[in-house]
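Shown next as C-alpha cells: one chain only, the form predicted on its own.
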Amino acid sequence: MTAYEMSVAYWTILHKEIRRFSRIWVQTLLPPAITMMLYFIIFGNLIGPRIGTMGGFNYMQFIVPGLIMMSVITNSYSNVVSSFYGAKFQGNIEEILVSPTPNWVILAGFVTGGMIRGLLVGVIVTLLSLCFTDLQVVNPTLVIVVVLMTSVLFALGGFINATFAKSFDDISIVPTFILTPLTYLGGVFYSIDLLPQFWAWLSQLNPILYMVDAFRYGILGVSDINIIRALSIIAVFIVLLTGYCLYLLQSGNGLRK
C-alpha cells in the first residue's frame, strides 16, 4: 500500500469519526458542557467559598484544570469505545480488517477521532470556566503536551475496551467501575498534600493523578508531583497500550468471528 493510499485510508476513517460525533452533537458535545457547568456552579461558587484557598489559589481556580482534564479523559475514551464497538456490532470492522490498510493506520484513525472529540469538549469546558474564574496559563507548551498525551492514552484505552466488549453493556463497565472512580480520586477536587501519608502514597498509584497534576501545573504553576515523572509515566502507558492495540488488531483477538 502506497503512502498516498494509506493517507486516504487514514483520512477516511478520521472523517467518518468526526462526522459521527458532530452529527449528534446534542448527545456528544452538549451534555459534558452542561455537566461541567454544574460542577463549576456547585463546587466552585457554592462550596468553594467555604473551603477557601487550596495550593495558594481559590477553590474554583484549583479545580478548573482537573475538570477540564476530566472532560478530555471521559470523551476521548467514550468516543473510541462506542465507535469501534459499533463498527464491530454492525460488521463494518471486518471490511476494514480484510482491506490492505495497515493496522497502525486503522488504529491512528480511530484514536485521532477520539482525541478530537476529547480536545473539542476540553476547549468548550475551558471557555465555560472563563465565565466563573480567570485562568492565567503559566506554561502553554506543557498544557498542550499533557492534554494531547492524555487524550491519546484514553483513546487507546477505549479501543481496548471496545475490542473485548461482547455487548453494549460491556462498554460501560470500565468507565463506570474503573475510570470514574480513578478520575474522582485523581486529585481533581483536592490536593494530595491534604491526605494522611498512607493515602497520599496510595494516591500516587493512580495514573490519572499524574495527568491532572501535570495539567494543573501547566496552568497554575503548582503541583503535588514531579512533572518529569508524570510525563514519563504517561509516555510509558501510551507506548504499552499502542503496542497492545496493534497486537489485538494483528491477532484478531475479539475482532474476528
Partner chain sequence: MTYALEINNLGKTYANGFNALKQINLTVPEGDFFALLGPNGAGKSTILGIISSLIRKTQGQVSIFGHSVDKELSLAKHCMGVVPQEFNFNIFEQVMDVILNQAGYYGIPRSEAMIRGEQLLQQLGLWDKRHAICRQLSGGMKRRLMIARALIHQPRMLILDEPTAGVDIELRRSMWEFLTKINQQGTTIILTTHYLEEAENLCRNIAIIDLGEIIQNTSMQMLLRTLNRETFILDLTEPCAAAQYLANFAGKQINDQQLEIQLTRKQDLNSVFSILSQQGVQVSSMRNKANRLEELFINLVGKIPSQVKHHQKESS
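Residue numbers count along the first chain shown, from 1. It should be emphasised that the depicted structure is a prediction, and the values quoted were computed from it without experimental measurement.
Separately, the form predicted in complex with the partner chain exists; it is not shown, and the next lines address it.
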Checklist outcome for this item: The one option of Thr101, Thr133, Thr74, Asn139 with any heavy atom within 4.5 Å of the partner chain in the predicted complex is Thr101
Checklist outcome for this item: Within 4.5 Å of the partner chain in the predicted complex, heavy atom basis, the matching stretch of 174 to 182, 88 to 96, 161 to 169, 139 to 147 is 88 to 96
Checklist entry - Using heavy atoms and a 4.5 Å limit, would one call Cys245 a contact residue for the partner chain in the predicted complex? => result no
Checklist entry - Is Ser22 close to the partner chain in the predicted complex, meaning a heavy atom pair under 4.5 Å apart or at it? => result no
Checklist entry - So in the predicted complex, does Ile233 come within 4.5 Å of the partner chain, heavy atom to heavy atom? => result no
Checklist entry - Any chance Ala9 has a heavy atom within 4.5 Å of the partner chain in the predicted complex? => result yes
Item to check | Interface residues of 240 to 255 toward the partner chain, as seen in the predicted complex [heavy atoms, 4.5 Å] | outcome: Ser251, Gly252, Asn253
